[in-house]
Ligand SMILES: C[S@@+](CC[C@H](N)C(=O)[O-])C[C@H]1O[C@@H](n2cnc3c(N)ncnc32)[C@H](O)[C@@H]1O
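The chain that follows stands alone, in the form predicted on its own, written as structure tokens.
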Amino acid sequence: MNSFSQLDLFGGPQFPPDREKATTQRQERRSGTFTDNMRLPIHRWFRYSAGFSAEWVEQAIKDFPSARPPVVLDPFAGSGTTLLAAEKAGAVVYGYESHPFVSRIAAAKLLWHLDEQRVLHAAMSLLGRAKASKPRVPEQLPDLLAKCFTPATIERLLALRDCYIEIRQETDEWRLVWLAITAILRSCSHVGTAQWQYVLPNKRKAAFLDPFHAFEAKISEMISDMDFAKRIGFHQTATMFSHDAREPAPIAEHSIDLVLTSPPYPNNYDYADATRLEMTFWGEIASWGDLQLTIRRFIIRSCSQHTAAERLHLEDLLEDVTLAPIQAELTEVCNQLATIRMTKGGKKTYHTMVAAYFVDMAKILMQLRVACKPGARLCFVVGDSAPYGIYVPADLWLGRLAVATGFDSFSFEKVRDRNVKWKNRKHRVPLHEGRLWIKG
């Protein structure tokens, strides 16, 4: 990408007021989606399924009412959206991510400040070695890899991986090389592997990339973005922690002015499964069954696979004292789910999933109260849900839990409707997504 088009990505020329207004309105509507980030330098290095708008984050930081940039925290940092947007805005920012693999991706993105030529040298030495190597595809290739890649593709991907393992050094430059290999896997697959969905082996793509060409192109993109970030004045202000936000914070008490984040929704999306292809490729898991011990035990409980594996008891969850502000309504919803699940073939444990989700979020809100200054502002981009057609007002209940932990007030801004454009196969309950603002 040339310098002119890159400059357009982060501002470029000043637009007339009507166009500025239209741009702001688009950012408002799309604040809960990662899609626009894929045209932004550095953000586009890896697309994670759980993302939200970097442009909206940057604007929220600029709009904070203080003479200096606020100190920002994202307790669900994901692949680094808030951290990178804050670095562009010049704000000190901290991020927590408890998904070990995703945390490594975010930490690698923050290495944009490295010397480009050193990164390029490491990458090209690896590529040259991989091209010269003899293919070594194991006889017992993991089933997921066999389904997702053609024999020729997997040979080249494994050449990159194995040569990386052989010659890598424990330096930041090689962490970016690791990210580049990781980032090309889905574009090299001939099956349904889009980042926002689970792997769909029975779906076929019209086109997919050659691994060596994809790797070289990704490195070129990264080098270009690193140069661009330095030229427009990104700041090295981010600190990333591989940390569970339910646990005591690794930062100073009462140090945060602004929390910007998008927590998991209680909608049964399995975040552990979101990087199963990448983790299988690197040999970190052998099968879907490994996800519970490798990933899920570190992240909040927002999917039924997680709570089923933990064999949770609904009564124990509902007795948690942190749920007092929503206990009666939550109990009614969970009991309905417990009853209706017995009429369903899958008998999914939505009843314990919903209860465990709010127990976990209550713990996180308590930790945020300790980390935030008096008068701080928090914004959660969040959506409601309706498992088995039973409505769960996530924004309302999270707001009440926040006030119970010591925050002053909350309000909710709906950004968009969900489950209305296409008819959901499981229920027709109208849902929404928006910004839960918490003050105090």
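Only a predicted model underlies this, so the values are computations on that prediction, with no experimental measurement involved. One-based numbering along the sequence shown.
If you look for the form predicted in complex with this ligand, you will not find it shown, but the lines that follow are about it.
This ligand is not drawn, but in the predicted complex it has a heavy atom within 4.5 Å of F76. At a distance threshold of 4.5 angstroms between non-hydrogen atoms, W45 is out of contact with this ligand in the predicted complex. In the predicted complex, this ligand stays beyond 4.5 Å of every heavy atom belonging to W397. S98 belongs to the set of residues with a heavy atom inside 4.5 Å of this ligand in the predicted complex. Of the candidate stretches 144 to 152, 299 to 307, 280 to 288, 111 to 119, only 299 to 307 has residues with heavy atoms within 4.5 Å of this ligand in the predicted complex. Contact with this ligand in the predicted complex, defined as a heavy atom within 4.5 Å, holds for exactly one of R104, H190, H243, K348, namely H243. Scanning Y271, F234, F358, F215 against this ligand in the predicted complex with a 4.5 Å heavy atom cut-off leaves one residue, Y271. With contact defined as any non-hydrogen atom lying within 4.5 angstroms of this ligand in the predicted complex, the contacting residues in 246 to 278 are R246, S262, P263, P264, Y271, given in sequence order.
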